[in-house]
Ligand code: GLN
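Okay, here we've got a single chain as structure tokens, the form predicted alone, with questions on binding and movement later.
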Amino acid sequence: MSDDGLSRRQYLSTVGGTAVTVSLAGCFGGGGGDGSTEITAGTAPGFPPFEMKQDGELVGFDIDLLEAVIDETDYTLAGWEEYEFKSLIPALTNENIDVVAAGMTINDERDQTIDFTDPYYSSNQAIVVREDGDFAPSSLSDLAGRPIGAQKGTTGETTVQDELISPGNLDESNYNSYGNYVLAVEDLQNGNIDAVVIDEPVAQTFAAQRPVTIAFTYETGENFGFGVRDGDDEFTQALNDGLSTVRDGSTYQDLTNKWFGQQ
């Protein structure tokens, strides 16, 4: 991943929950040039290698995969819109976008608001610390009393809340939430926090590019899926069929090798 790195300044142009890249085709917009229905995708850069900005361009595994999946359907991708992660589900339910591709874990809480496609990737949570630091935790209990960070609305944040704060092992004041993981890792590097809880493949990418390291992995058995509006059954089925086609051919493995290295 050394050639596909994320420039921290390139991502910082993403502001709040406002879409940075504006597309005109949200909510199943007009037909494409071939008569197909246009859809708009939403994502949250700052989550390498799934989605990030590189030389001002939106790139990543999720970007390539969704585009490949849509190519196998009767829909046409009109464009991408960029949000903070926590704003993606509201953007979807408000019909500003039609599908979310953002390393989003399928869970019961989200499933009450939106639907998901079949899973396309599995992950656990990793605890990242400074490479040259003296803090070397080996379990969640070792994080007690330490300033910890995670991205707002993610399962990393859920892990901190459910496994540390709720049982009383970490004071709420010791938890720092961030709009994206780039800012969290920068705070870690600068010594403002001692650890970041983040999805394992994303942690591996940061560790390859920055002076941080994975202290240990906390197994959560998460599955990522593309988010779709509740009730958009025809579109969901089309994406599932497209995903199956991509998996059955060489495209999925090619993209996995491209963004994660040989598996």
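Predicted, not measured: the structure shown is a model, and the values here were computed from it. Sequential numbering from 1, following the sequence displayed.
What comes next is about the form predicted in complex with glutamine (GLN), which does not appear here.
* **Stretch from 153 to 161, 182 to 190, 72 to 80, 131 to 139 whose residues place a heavy atom within 4.5 Å of glutamine (GLN) in the predicted bound form** => Contact criterion met by 153 to 161 only.
- Item | Site check F85, T105 and F224: each within 4.5 Å of glutamine (GLN) in the predicted bound form by heavy atom | Yes: F85, T105 and F224 each sit within 4.5 Å of glutamine (GLN) in the predicted bound form.
ask   = Would R146 sit within 4.5 Å of glutamine (GLN) in the predicted bound form, counting heavy atoms only?
value = The answer is no: R146 has no heavy atom within 4.5 Å of glutamine (GLN).
Glutamine (GLN) contact at D194 in the predicted bound form, heavy atom, 4.5 Å:
It does not: once glutamine (GLN) is placed as it appears in the predicted bound form, D194 has no heavy atom within 4.5 Å of it.
Partner proximity in the predicted bound form: E38 to glutamine (GLN), non-hydrogen atom cutoff 4.5 Å
Heavy-atom contact with glutamine (GLN) at 4.5 Å: absent for E38.
Practice problem: For the stretch 191 to 214, return the residues whose heavy atoms include at least one within 4.5 Å of glutamine (GLN) in the predicted bound form, in the order they occur. | Solution: The stretch 191 to 214, when checked against glutamine (GLN) in the predicted bound form, contributes only D199 at the 4.5 Å heavy-atom cut-off.
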